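One chain comes next, on its own, written as structure tokens: the form predicted alone.
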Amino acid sequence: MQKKIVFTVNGDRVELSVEPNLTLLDLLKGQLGLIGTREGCDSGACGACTVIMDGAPVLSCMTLAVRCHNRNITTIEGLAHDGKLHPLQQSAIDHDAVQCGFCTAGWLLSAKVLLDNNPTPTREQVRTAVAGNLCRCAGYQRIEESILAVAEGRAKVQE
């Protein structure tokens, strides 16, 4: 039996009916065509599928779509505005923190939540914030540096 849900994704109101066992990841990719969210382990261990729900990072592979009713979701597609990269995205490029790119969307969104709540985090706080985002290429130092650069205002801000 399908359930009607209404929520906002990247600023757009969405209203549709979903099966009770549909994950947010499958909804985003399959029904809404938002392919930037990655499916990695499909068991909540890698963080590739991280999105922001009501200001907190969540694993979309472990979140049922019906739980999104009346919620606000931000995916990687919602990070840039008016064709301009978010400072975290630009910093990732500037610091060569994007290698294969598989983990990038997840850690960028985790980092956004961190900086939204703590604009001047320590290196340890950055590590903690992205600890659930596994990088296949082991680019953790560059990821940390790119986040810290935004926090310190050293990134090329294009917003």
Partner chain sequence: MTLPKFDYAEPKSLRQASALLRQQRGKAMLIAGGTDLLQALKNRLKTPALLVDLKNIPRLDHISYSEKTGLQIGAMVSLRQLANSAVIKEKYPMLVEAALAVGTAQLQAMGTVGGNLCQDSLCQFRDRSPMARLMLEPCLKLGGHVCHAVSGSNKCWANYSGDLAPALLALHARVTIADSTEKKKIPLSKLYSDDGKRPTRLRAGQILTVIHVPPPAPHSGSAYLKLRLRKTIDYALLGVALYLSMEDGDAVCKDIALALTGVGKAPFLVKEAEQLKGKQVGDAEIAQVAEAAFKQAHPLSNIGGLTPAYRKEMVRVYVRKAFGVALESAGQDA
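All figures in this text were calculated on a predicted structure; none of them were measured in a lab. Positions refer to the first chain, counted from 1.
We do not show the form predicted together with the partner chain, though everything after this point is about it.
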Distance check, Gly55 to the partner chain in the model of the complex, heavy atom within 4.5 Å: yes
Can any non-hydrogen atom of Asn21 be found within 4.5 angstroms of the partner chain in the model of the complex? yes
May I ask you to check whether Thr122 falls inside a 4.5 Å heavy atom distance of the partner chain in the model of the complex? no
Looking in the model of the complex, any heavy atom of Leu59 within 4.5 Å of the partner chain? yes
Within 31-59, the residues that have a heavy atom no more than 4.5 Å from the partner chain in the model of the complex: Asp42, Ser43, Gly44, Ala45, Gly47, Thr50, Gly55, Ala56, Pro57, Val58, Leu59
